[in-house]
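Encoded as structure tokens, the following chain is the form predicted alone, with no partner shown.
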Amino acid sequence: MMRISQLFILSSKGDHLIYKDYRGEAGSDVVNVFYEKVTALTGDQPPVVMSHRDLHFVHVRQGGLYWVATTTEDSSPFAIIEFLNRLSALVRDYCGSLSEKAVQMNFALIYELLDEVLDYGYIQTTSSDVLKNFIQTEAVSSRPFSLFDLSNVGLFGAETQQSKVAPSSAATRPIQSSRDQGGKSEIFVDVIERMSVVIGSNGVLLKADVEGEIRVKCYMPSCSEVRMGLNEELSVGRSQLRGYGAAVRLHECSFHQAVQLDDFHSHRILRLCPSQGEQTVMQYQLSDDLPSAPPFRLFPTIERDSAGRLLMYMKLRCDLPPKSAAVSVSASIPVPRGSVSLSQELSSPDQNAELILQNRAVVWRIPRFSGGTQLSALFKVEVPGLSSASLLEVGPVGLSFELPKLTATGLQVRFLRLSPVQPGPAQRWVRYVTHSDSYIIRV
């Protein structure tokens, strides 16, 4: 059986936020040992498992924090990683968010959770539904929830059959806040997708993968059965399409063990009785395929001018539907070694760009990019001793962005019904968002 010796949570700067020693098998200096080891490594991705003498460190990064468990046994690192991810999700459920401030404000609650989750280093449970019967400490929200704060509707909001939109902070309230809301019944469904794309220098799509998940965040005082209807023309695997409508194809999908699939194969309906807190009810993947054109196309021109400067003329086109928009768009353009300065001409005043010398890249930022439009930028980079070979160091271009109210696969929630009907009004919110996981354009 897996046994944990110590568990601690550190800030990104190494500050001790939470520390529990369950077995007394190592000294208290292991916290400093871990932080010294993880910060001494080169690169952005330190190994998840590290060792010091007879002690093994296993950690994950969530919410900008280090979640670390130590063990002296040859326990499965995958099991400990899964536990740490579940623990961070549990803290997010109860505290409302994952941040250094949220942990500091709710340290008493987190210590109470750890007392119930781990007994002498052995895992007891990570179920919010079980723990709510034992946890007495009230959560302190670092950002109070207000249903009337619609400042972020444009980021995550989506029209559903209920014609209701949730602000982006609506689903990040503490699980205990239902007491403060008078027992209001609310359920949030997030359809989140991550897109990985590689586009060749000739504009041909070389690779396209989408990984998605459906998360249910339940704040209902009593458990009800939830019926969630997905696209009727949803095809899973390599099977033939089921009808003549606009089909959505997924290559793989998996479900939470609590989901009942009796009506899924015939009517594409998921049935479940969610516990309070957050659950990932469905995970899916689409490989080497996209139902529509990639959201962005780049048309680059790279040359050397008479003054010996590197000229990069970039035209970026957004191929989203006209009424849609991408937000937080950022293009990272690698430049030759030895680049010293940048001058720029941008097609709109809300854009900005800078040369980041340590990353050897020009970063072009666009806060909002409407579908069906095109933006351009002219970058002039001073590169002493620029040669024809140096031009080969330009690219590939990496894009990061967020597509609110859109899914790359076309997956939609047709309806969300509660059974039996709640005694009070039950609020139901559905949000869609697609993130760029890796969007590479070769030049």
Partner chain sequence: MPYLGGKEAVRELRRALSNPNIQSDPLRYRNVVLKVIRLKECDIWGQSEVLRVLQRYRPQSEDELFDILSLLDSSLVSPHPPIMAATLSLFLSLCSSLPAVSKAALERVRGPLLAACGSGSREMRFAALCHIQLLLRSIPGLLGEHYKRFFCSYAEPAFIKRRKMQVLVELVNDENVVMILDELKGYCTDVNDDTAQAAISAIGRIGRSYSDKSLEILTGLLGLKQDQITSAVVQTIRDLVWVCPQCSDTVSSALEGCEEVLQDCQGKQALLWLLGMYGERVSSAPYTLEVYIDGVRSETSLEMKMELLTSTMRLFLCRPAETQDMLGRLLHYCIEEEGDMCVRGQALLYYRLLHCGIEETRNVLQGQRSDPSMGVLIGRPAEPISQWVSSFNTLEPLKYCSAETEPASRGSPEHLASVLKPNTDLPDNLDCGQLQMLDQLTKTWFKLVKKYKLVETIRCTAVPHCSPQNLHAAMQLVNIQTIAFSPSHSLPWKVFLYTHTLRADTSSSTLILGELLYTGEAHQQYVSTLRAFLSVLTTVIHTLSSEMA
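Residue numbers count along the first chain shown, from 1. Note that the structure is a prediction, hence the values are computed from the model and not measured.
Omitted from view is the form predicted together with the partner chain, to which the following refers.
Here the chain stands alone, but in the predicted complex its contact with the partner chain, taken as any heavy atom within 4.5 Å, falls in 76-84 among 96-104, 76-84, 344-352, 289-297. A residue is said to contact a partner when one of its heavy atoms sits within 4.5 Å of a partner heavy atom; Glu303 fails this definition for the partner chain in the predicted complex, lying far away. In the predicted complex, the partner chain sits beyond 4.5 Å of every heavy atom of Gln136. Looking at Tyr439, you'd find a heavy atom of it within 4.5 angstroms of the partner chain in the predicted complex.
At a distance threshold of 4.5 angstroms between non-hydrogen atoms, Glu402 is out of contact with the partner chain in the predicted complex.
The candidate spot formed by Val236, Leu311 and Gln374 is out of contact with the partner chain in the predicted complex: none of the three has a heavy atom within 4.5 Å. A single residue from the set Arg317, Arg365, Arg360, Arg271 has any heavy atom within 4.5 angstroms of the partner chain in the predicted complex; that residue is Arg360. The partner is absent here; in the predicted complex, the one residue of Thr72, Asn231, Ser224, Ser324 having a heavy atom within 4.5 Å of the partner chain is Thr72.
Contacts of stretch 185-200 with the partner chain in the predicted complex, defined by any heavy atom lying within 4.5 Å, are made by Arg194, Val198, listed in sequence order.
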